[in-house]
Ligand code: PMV
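Starting off, we have a lone chain in the form predicted on its own, written out as structure tokens.
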Amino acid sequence: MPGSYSATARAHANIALIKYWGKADESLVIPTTSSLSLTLDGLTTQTTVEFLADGDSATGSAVLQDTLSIDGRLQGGTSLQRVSRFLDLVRDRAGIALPARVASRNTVPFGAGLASSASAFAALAAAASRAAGLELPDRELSRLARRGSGSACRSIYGGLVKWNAGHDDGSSYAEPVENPLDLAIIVVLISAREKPMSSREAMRLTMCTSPLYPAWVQASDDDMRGALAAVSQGDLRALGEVAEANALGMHAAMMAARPGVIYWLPQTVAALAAVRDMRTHGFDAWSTMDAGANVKVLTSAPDAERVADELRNRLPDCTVEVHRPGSGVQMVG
């Protein structure tokens, strides 16, 4: 195997302004719609992948197996299986059959609707491919990361990023978007607990059972065109309005699933109402939500601290954090 057996990469989570919700192809993770996101600073995953030569198994077993630790805790079950399946893609491409030791550390709460899988699989894709001796250009790395978690393809890049839905493996990838706007995202942390239903399960249920889902897909195409036009024109208000509407439409489709998928808590409703009322008092702020109880607020970077302070006053029981655009995936060391 050429190159190093070990590599470390760091990636940031991203928050979608035009949402990804639903797969046209489950096995290849091809989405039903294109999406637009902002990669954020502060919400990071750092992952080291080491491919082990014979006799170096972390388990001490005669049968070499992958191992996974997250924040210092060994993982098994579904988490390990998902990582091993992803590593198989890397091993197949690199032509190797070695097991791997994977160690990951995060500043993103797992499964709380803060895009932990985006930063996790972007970092894993970069570290694993480099450790396997592969030198992938960003577009290929984005396609690879997508196979682990759809939104991970966007975390390969910093700033504003578009994921082209495409129709097959080769045409579904993310790319950066030129952005004249100076944006920030404020996270209103309502719950850091793991959500009651995974995004993957909720996505499938919404697609299969919600009568509102086809209408949301159709509207999402218009929303993407509107969002890109707003960005190119430097129109924060237009971008905020379409982002808020797109997220509420996604959650409406989820709630109409059978059974309904409802992540909202009382404080979620309070936060959404606070953002809407703040606009009547001159604040440039628009809400968005992923699959979870937490609310994110889009605003301009110069106004971010003022908006955050107002949110703290209105929502004293919630943690409010300001995040500015973050960088794309980076190799460490």
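All of these numbers come straight from a predicted model, not from anything done at the bench. Residue indices: 1-based, along the sequence shown.
Although not depicted, the form predicted in complex with this ligand is the subject of the following passage.
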**Request:** Would you point out which of 286-294, 302-310, 273-281, 40-48 contains residues with a non-hydrogen atom within 4.5 Å of this ligand in the model of the complex?
**Result:** 286-294
**Message:** Leu144 versus this ligand, in the model of the complex: is there a non-hydrogen atom within 4.5 Å?
**Reply:** no
**Item:** 4.5 Å heavy atom contact, Gly150 and this ligand in the model of the complex
**Value:** yes
**Asked** According to a 4.5 angstroms non-hydrogen atom cut-off, is Ser117 in contact with this ligand in the model of the complex?
**Response** yes
**Request:** Answer for Asn106 alone: is it within 4.5 Å of this ligand in the model of the complex, judged on heavy atom distances?
**Result:** no
**Fill in**
Checked Met250, Leu239, Ala131, Val161 for heavy atoms within 4.5 Å of this ligand in the model of the complex; positive is Met250
**Request:** State the residue from Met203, Ala100, Ala126, Ala227 whose non-hydrogen atoms include one within 4.5 Å of this ligand in the model of the complex.
**Result:** Met203
